[in-house]
Each structure stands twice: as C-alpha cells, then as structure tokens.
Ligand SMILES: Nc1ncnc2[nH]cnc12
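Starting off, we have a lone chain in the form predicted alone, written out as structure tokens.
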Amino acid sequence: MDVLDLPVDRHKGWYLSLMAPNIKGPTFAWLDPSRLYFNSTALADCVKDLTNPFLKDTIDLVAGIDAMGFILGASVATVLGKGFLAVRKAGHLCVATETQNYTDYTGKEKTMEIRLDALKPGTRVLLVDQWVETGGTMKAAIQLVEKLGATVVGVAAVAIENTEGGKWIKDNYRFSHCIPDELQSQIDRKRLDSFSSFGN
C-alpha cells in the first residue's frame, strides 16, 4: 500500500499495513510504526482509536514518552483538549525532576525523568507511547507518575505486545491500542503479513 493511499474500508487498524519492517538488524526495533504518520488520515484514525476508550474519563494531562511517544501523545492531548507532559530521557530537563531507572526493550539500563512542577496528588494522567514491547519503559513512566502522587488513568500505544511486561500493564491498568484481535498474534511473533508488500 502506498503511504498516501486510503482504503475504502477504514476499519480499526487499517493503517497498520503502512508500518515498515526493520531492515537494519537486531539493535533496532523490529518495525517502524512512524511510517503511518506520513498519512494524515492514518494518523487521525490511529489517534481516534487510542482516545475512544477514554472519552468518558476524567483526564487532566496526557504524558508522552521520549521520543516517539511525543508525536502520539501530543496528538492525543490535542484531540482530548488537554495539556501535554513530556516524559524525558534523563539529562534533558533544566529544571528540578523526579527520575526512574528502567531497562528498555534492547536490554539497556536507562533513566527517565519528569519535571516536579507538572504533577500533584490527584492529577489524572493518560500515558502514551508508540509501542509497548517488553513493558519496561512504560512501567517506569507509570512509576514516575505514581511517585508524585498522580493517578494513571490508562495507557495508550499503537500496540501492546503480549510479553510478560505487556500483560502486566494489561492486567493492572486500563489500556487502548490499535491492534484488531486477528492481528495480535502477528504482533506477538514480531512479523506482520503486510511486510510481504515491502519485498522482505
């Protein structure tokens, strides 16, 4: 599918076929979801699918995780009419912060941070990231929000894989994602049938 094409039937997740496979090896994520952002309708439909489950919830702030979560998080915040909080990789903020160590999907030890003046007890936060693979990054963001006394309303991502960490998130928090039930097994085996259109 050409990146700017639109199908006649825009069912949930139609835009997933726009995502590109990894061609650079194991140090990179297994696919590139950001290709769907080239298509304005695909991006709008993706954001709609992420926000629909939370439309009746009280949300004070949307937080997006560095870096690709900034794109979706800011888009979600705009649709919901809420402010946006950037959850940053450590060392990027020039103000007082709270930090949390974590292990990312590559197995690397990292630290993330949020500014101390953004959250207070009772603030209701929707956390957004592009993808949840092992769940380590999202779990650290949850811990950061809760350390400051705020409440995680839910977690939204294009996909949440059924790894141990992904299942922990699904079991403990409300969540939304863009994956139709029939595609979840492809996500979990890290190979979409649509990749065949890329010639790989």
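Note that residue numbering begins at 1 and tracks the sequence as displayed. The structure displayed is predicted, hence computed values, not measured ones.
Below, we refer to the form predicted together with the named molecule, which is not included among the displayed structures.
I59, T151 and F175 all contacting the named molecule in the predicted complex, non-hydrogen atom within 4.5 Å: Negative, none of the three is within 4.5 Å.
Among 80 to 88, 113 to 121, 93 to 101, 126 to 134, mark the stretch whose residues have heavy atoms within 4.5 Å of the named molecule in the predicted complex. Stretch 126 to 134 is the one.
Applying a 4.5 Å heavy atom distance criterion, does K12 contact the named molecule in the predicted complex? The answer is no: K12 has no heavy atom within 4.5 Å of the named molecule.
With the cut-off set at 4.5 Å between non-hydrogen atoms, does D45 touch the named molecule in the predicted complex? Result no; D45 lies far from the named molecule in the predicted complex.
Give a yes or no for I142: in the predicted complex, does one of its heavy atoms lie within 4.5 Å of a heavy atom belonging to the named molecule? The answer is no: I142 has no heavy atom within 4.5 Å of the named molecule.
I'd like to check something about W30: if you look in the predicted complex, is any of its heavy atoms closer than or equal to 4.5 Å to a heavy atom of the named molecule? Residue-level check for W30: yes, a contact with the named molecule.
Select from 158 to 173 the residues with a non-hydrogen atom within 4.5 Å of the named molecule in the predicted complex and write them out in sequence order. Result: E161 alone.
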